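In structure tokens, the next block holds one chain alone, the form predicted on its own.
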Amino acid sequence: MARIVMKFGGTSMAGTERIRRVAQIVKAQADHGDEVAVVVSAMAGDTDRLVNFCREANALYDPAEYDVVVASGEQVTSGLLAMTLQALGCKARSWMGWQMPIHTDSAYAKARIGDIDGEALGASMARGEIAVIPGFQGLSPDNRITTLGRGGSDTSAVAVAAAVKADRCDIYTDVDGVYTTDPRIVARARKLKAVTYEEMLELASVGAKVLQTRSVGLALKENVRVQVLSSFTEEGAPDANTIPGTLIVSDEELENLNVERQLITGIAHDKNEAKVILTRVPDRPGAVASIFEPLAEANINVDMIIQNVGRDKGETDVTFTCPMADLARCTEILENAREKIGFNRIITDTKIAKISVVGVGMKSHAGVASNMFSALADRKINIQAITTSEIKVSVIIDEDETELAVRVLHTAYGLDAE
């Protein structure tokens, strides 16, 4: 007997027929003899619909009230799935985020999980009850509903798995695993049997939409074994215990799985970034801090920071990227701090894409970055910015060249399927 946490995304929960199929998958896992908890997202499109309601009600909405509204989508699907499981003869009940409770901070719309009291939930699972939990939501220190940001149900699932000491957290989605790149762009992309937490963290952070970045970081911290697999399986398909998807595990466990290791694990792309340039920033100590401190206070994540030093005039241009969804707030914050920062003007560009090459093999092999730059140069693709980590190289290019760049790099690193 194993203790399994299963998570189903919005496309898996889109309507009663799909919820019935999810219930069948959950029942099959429980019938295998496992203790099961299920974390669900809202129906596909529901969260966007609720967000639009908030904007129509008040363009400058209170984030705390926004969370009350958008958290309701997951509450609906958790109740529907519990009822559907009961109709199949299963013992099932729903658990709201405040009932467990899932404690978070007070950063409404972007809350972070502090801790989960898994005792009552674990006891319920041990009695053979299937727990159905709305993802994405928690409880603030002020006892108000919070939400965890886009993709937060993945983080909820991993956190629940850690709280109840689950043997595995299965993330069911509309793809059947993690691929070397987006198979919609590269037909010869290959599904990976297993990747390390570090590789998945980098892939998620640079555009791979399979898992939310925070969920992978939490899995790494809590050593939760995660599996990505498809909820769109035919009747009679093998259950999740046969590992049909992609496992995300520690580096040590990956070695024990005897998975063939490659220099590069995957190529990711992200078109949801915006480039911001501040011109003629004073070249003095503290100038850069005055730019990024107010952005950090507003919970705006920035990436790919570049500072060009103009020594003759004592001025510099500072370039960085941020999520496109945060661009308007970002520019407003910077304009309000113009006098303190001392910059001349703000230039923004939303027609960009971030292309990233990821792989733990970079730690022990030289030339990965130069191969990337050469492959792009051969196809006349201009690089606007570069950033690196120990297992990642990312560049910013023109948005129109995204798919070409992904295909070129996928071939250049020998990732095409035979």
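Being a predicted model, the structure only gives us computed values, none of them experimental. One rule holds for the numbers: they count along the sequence shown, beginning at 1.
There is another form of the same protein, the form predicted together with another copy of the chain; it is not shown, and what comes next is about it.
- Listed residues V393, A375, I352, C54 were compared with another copy of the chain in the predicted complex; C54 is the one with a heavy atom within 4.5 Å.
- Exactly one listed residue, out of Q75, Q227, S231, Q212, brings a non-hydrogen atom to within 4.5 Å of another copy of the chain in the predicted complex: Q75.
- Using a 4.5 Å heavy atom cutoff, none of E222, H269 and F320 lies near another copy of the chain in the predicted complex.
- Within this chain, Q99 lines the site of another copy of the chain in the predicted complex, having a heavy atom no more than 4.5 Å away.
- The closest heavy atom approach of A87 to another copy of the chain in the predicted complex falls within 4.5 Å.
- For the chain shown alone, L139 is a contact residue for another copy of the chain in the predicted complex, at least one non-hydrogen atom being within 4.5 angstroms.
- At a distance threshold of 4.5 angstroms between non-hydrogen atoms, M324 is out of contact with another copy of the chain in the predicted complex.
- The stretch from 157-165, 212-220, 75-83, 271-279 that comes within 4.5 Å of another copy of the chain in the predicted complex, counting heavy atoms only, is 75-83.
- Residues L139, N143, R144, I145 of 132-147 are found to place at least one heavy atom within 4.5 Å of another copy of the chain in the predicted complex.
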